[in-house]
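Form predicted alone, single chain, as structure tokens, below.
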């Protein structure tokens, strides 16, 4: 890592549909990894949703409860993804194909498109998963699966950033 890269933070934006389950969980998990590993000067995290249905709301109470049991704080307020996010973030990390297509449709050039990654691209153990499923309409096992997938992918993403 050269000194210019060392002085520049890598800014991550996690994106799902409503910004109340998957993306705030990814944000909270990644922030915990950043804090535990002393990477606050290297990595900055945020989250957003492709819809504005829940703007200003806390994450889903079920996701907060499942996260709390694992030692996470999911307390960011929901916001809608905007075109300016392409300028403000280095990685725009989406949870599924629908989010990918929605975000990609807002990109105005190749540079912006190349910032869009699927969360599962960073998976280490769960490489067979192509998407982070939306747990909103399911039960506890869905929330636990999402947390397992996000913990794995956040770990992989952190290692990728550290190596670059």
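Residue numbers count along the first chain shown, from 1. Keep in mind it's a predicted model, so treat the numbers as computed, not measured.
In what follows, reference is made to the form predicted together with a small molecule, a form of this protein that is not presented.
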{"item": "Residue stretch of 66 to 74, 116 to 124, 132 to 140, 34 to 42 approaching the small molecule in the predicted bound form, non-hydrogen atom distance within 4.5 Å", "value": "132 to 140"}
{"item": "Any non-hydrogen atom of residue 17 within 4.5 angstroms of the small molecule in the predicted bound form", "value": "yes"}
{"item": "The small molecule contact at residue 12 in the predicted bound form, heavy atom, 4.5 Å", "value": "no"}
{"item": "Close approach of residue 21 to the small molecule in the predicted bound form, 4.5 Å, heavy atom", "value": "yes"}
